[in-house]
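Only one chain is included here, represented as structure tokens and corresponding to the form predicted on its own.
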């Protein structure tokens, strides 16, 4: 395997492979860019079928973090870590301590936090070995902790902006199909329901879908059927690459706006969505609430009001992308990438 010729290698500054025999740690840490500051991005734990797939995920996610942090106007670059393993079976405190030593070895070039498969408790173990970590447990009134609810808030505000732009209406009575009901999808459903949306939900873990049904009156459908539900909005909140040449022709939504990273399997899929008349809210713009929370926690001296004010800028950024895409007859994904690269180039020049 030639790392430098992989399709998802995008001039990454550094890719580190970490292994600790005693704990079984197998990790890949990708730093895409430090043009705007130290690379920041969460640590994902997943049972990847192969190390090649784990590497691809790390490369794609770290590039997405560069764009996300640039568009959120944070003084962070982009990085991501993945740990290969089943988060339900292979977690130990020692494993995350070993990961913390790996992060520490980079001397602050990368700042980690929780992501899919990892938790605040895991980051507490990481923090025993390095100070370059955020998303830690906080007492009442302090900024920080689990970034999931803040990601959900940003996605909720972004969905409202997308529905207003595409459909010219509020969320009252709008059907939203939510794929994935974990640490972001479930709080997102609460916000949507409180604003009058009609929920259709699915998760590979049936008990999570049943919980949302019982709590919020959502309609539950099988996980494999959620993408093709009749709903004005599709909100992918699970893993990436769900929008592809097979799924896009089956979509019945007019807006795609969700929390999952790397929702487009290929760049061409953004064009396919535009041709289908579907408004796409670029994932790394709409789901930036979590990293905004992490950034405020890491730098310290902030408040919940300041975090919320920063998250409330997400709808403005999305609307600017939608308007430029309409003017230039380009996919919103292309416009967002252009804007993010412009900010990264400005950072390098500065």
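Between two forms, the rigid core is the largest collection of C-alphas that superpose within 1.5 Å. None of the values given here were measured: they were computed from a predicted structure. Positions refer to the first chain, counted from 1.
Another form exists, predicted in complex with nicotinamide-adenine-dinucleotide (NAD); not displayed. Remarks below refer to it.
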What stretch, of 75 to 83, 244 to 252, 192 to 200, 172 to 180, brings heavy atoms to within 4.5 Å of nicotinamide-adenine-dinucleotide (NAD) in the predicted complex?
-> 172 to 180
Taking the shortest heavy atom distance, is residue 185 within 4.5 Å of nicotinamide-adenine-dinucleotide (NAD) in the predicted complex?
-> yes
Looking in the predicted complex, any heavy atom of residue 265 within 4.5 Å of nicotinamide-adenine-dinucleotide (NAD)?
-> no
nicotinamide-adenine-dinucleotide (NAD) contact at residue 147 in the predicted complex, heavy atom, 4.5 Å = yes
Touches nicotinamide-adenine-dinucleotide (NAD) in the predicted complex: residue 62 (any heavy atom, 4.5 Å) | no
nicotinamide-adenine-dinucleotide (NAD) isn't shown here, but in the predicted complex which of 102, 238, 111, 162 has a heavy atom within 4.5 Å of it?
-> 238
Residue (of 138, 88, 205, 131) lying close to nicotinamide-adenine-dinucleotide (NAD) in the predicted complex, criterion heavy atoms within 4.5 Å = 205
Which of the residues spanning 255 to 283 lie within 4.5 Å of nicotinamide-adenine-dinucleotide (NAD) in the predicted complex, based on heavy atoms?
-> 259, 260, 261
Large Cα move at residue 44 between this form and the one not shown, threshold 2 Å, rigid core | yes
Is residue 318 one of the residues whose C-alpha moves 2 Å or more between this form and the one not shown after the core fit?
-> no
Once you line up the core, how about residue 295: does its CA shift reach 2 Å between this form and the one not shown?
-> no
